[in-house]
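Two versions of one and the same chain are coming, encoded as structure tokens; call them structure 1 and structure 2.
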Structure 1
Amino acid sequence: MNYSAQQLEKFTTDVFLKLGFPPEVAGIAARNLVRADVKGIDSHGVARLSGFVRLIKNGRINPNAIPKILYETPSTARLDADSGIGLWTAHHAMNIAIEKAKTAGSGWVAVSNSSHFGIAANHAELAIKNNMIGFVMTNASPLVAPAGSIEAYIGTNPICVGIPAGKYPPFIADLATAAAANGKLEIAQRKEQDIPTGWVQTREGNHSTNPNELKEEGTLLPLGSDVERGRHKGYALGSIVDILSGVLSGANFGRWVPPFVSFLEPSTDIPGKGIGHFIGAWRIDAFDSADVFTSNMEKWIEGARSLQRSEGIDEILIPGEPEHRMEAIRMKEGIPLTEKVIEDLKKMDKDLGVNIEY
């Protein structure tokens, strides 16, 4: 069944309002969650709303959070998010980075005491709208085994860079540093499908196609999957994200990053707080004329698209282009939700007294 973006955004906003969020925070958080579905990233959209609701009810997310800057310079800040919802906290942090970039050329914000922030691209787009380059990272609960290990230590830890591209849709590279995001496993579970070899390993360290492997003490693999395909590179990238998002900010890091599921309690044996993000904005004209950059960025895209294609490939796509195209389709035709997700939303409808069928 298909739902419009407006319908899902209103429903999600109403859910957050019922749970005590201020209207502005509820609206921004809802929009950032639904935009994942709009872009075709169904693993990070309203399918995760029930998880957020459980964390809020469990006291792990503070609806009335008041983020506080603990330390800052003209171009940097360290922000304590006060256990706020990451869907809004990262938006707030990017706005701080943008304001610093307006005067200092670039702005950087290290965030602690936050929670899951949805897809990184949403926050990078804020910088793009200000004709800046956006840079967004977050650490996540430990599901990924470092290269050569059978124990999880780092998260899927995405990196996103968003770049204005003139007359073309912006270049947005938003990628997990694991072979696959956990949400891809959740989609396969709902559809009762196997996953590709190279995404996960068993607790003994063997490859598996079972989407439920993490429930049986298996782990996700780093980007690259194995020695021959460069798993050390994915491990290194994920570690960089964890260090900048967690160690630098004062958030939890490594195996101590709190889980998204509400039934597992966060670790209390280290001084870090919550999930961490590392967010930045570069002003393009701090390096060169914005017009020169835009012209060259357009040429870069045209050059990539003109390359000779592999057999069976119709076109060379630019990072962010598939999501841009999906957005055009789903804004017109609506967002398809699985029966399991619809069932979850209707349970919230019943529990909280909000109506998805307005």
Structure 2
Amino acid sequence: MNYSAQQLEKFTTDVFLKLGFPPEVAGIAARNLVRADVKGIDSHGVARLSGFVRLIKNGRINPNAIPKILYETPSTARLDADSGIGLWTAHHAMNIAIEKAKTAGSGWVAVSNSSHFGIAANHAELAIKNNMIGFVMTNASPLVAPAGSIEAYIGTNPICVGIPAGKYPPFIADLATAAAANGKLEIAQRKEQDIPTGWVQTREGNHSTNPNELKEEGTLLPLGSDVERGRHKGYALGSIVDILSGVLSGANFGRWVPPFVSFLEPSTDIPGKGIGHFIGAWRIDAFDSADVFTSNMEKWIEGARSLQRSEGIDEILIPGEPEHRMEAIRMKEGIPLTEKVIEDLKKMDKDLGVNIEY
């Protein structure tokens, strides 16, 4: 069964309103959640709404958060998100970065005391709309084992860079620094399929193709997967994200990053507040005429698209293009939700008395 983005956004907004969020925050958070479904990143869309509701109900997310800038310079700020919802906080932080970039050329906001911000690409798109390059990172609860370890220490910690590309859809690279994000394991679990080697290791550090390995104390592997193919690089990238998002901001980091799921309690004796993001923007015309940049960016894309392809490959895709195409389809045909997600939404509807038609 397909639902329109508007339906899901309206429902999600109403859920947040019922839980006490101010209308502007509810609207932006809802839009950012549903944008994941629109782009085909189903793991990060309304499937996560009930998880947010539980965190709000048990007080770990504050609907009436008032973020506060603790320190700033012309191009930087450190923001305490006051336990707000990351879906809106990251948007707010990017707006601060954009305002700083307008006068200082670039803007950087390290955010502590926040929560899950949905897909990073949403926040980078805000910079793109302002003809800036967006830079978005967040840390997340530990699932990935550093090179040589069998214990999780870093999250799937995404790196996202979004770049305006003139007449083409923007270049948006948004990638987990693990070999595969947890969402891919969940898909394999639902389909009861084996996963490729290189995604997870057992608690003894051996290869595994079991999509349920994490439930048996296994860990995700960093991008690169093994010694030969450069797992130390994925480990380094995930660590950079953790340090910029967590250590620099005053949030938690490493093993201490609180989990998204409400049934797991955060560690006690934690070094910081909530989870952290690191969000920035470079103004393109702080470096060059925007026209020159745009024309060369188009040339970059055309050059990549015209490369010789491997057998069986129809076209060379630019980062962000698969999601852009899915957006066109889903805005027209609606968003297919699984039975489980629909039941989840219906249950929330009943519990909260949203009474929306869907």
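Please note that residue numbering is based on structure 1, beginning with 1 at the start of its sequence. Small disclaimer: the values here were computed from a predicted structure and weren't measured. If you superpose the two forms and keep the largest set of C-alpha atoms that fall within 1.5 Å, you have the rigid core.
Enquirer: Have a look at both and say which one is the form predicted alone.
Expert: The form predicted alone is the one given as structure 1; the other form is structure 2.
Enquirer: Would you say N210 moves its Cα by 2 Å or more between structures 1 and 2, aligning on the core?
Expert: After core superposition, the displacement of the N210 C-alpha between structures 1 and 2 reaches the 2 Å mark, so yes.
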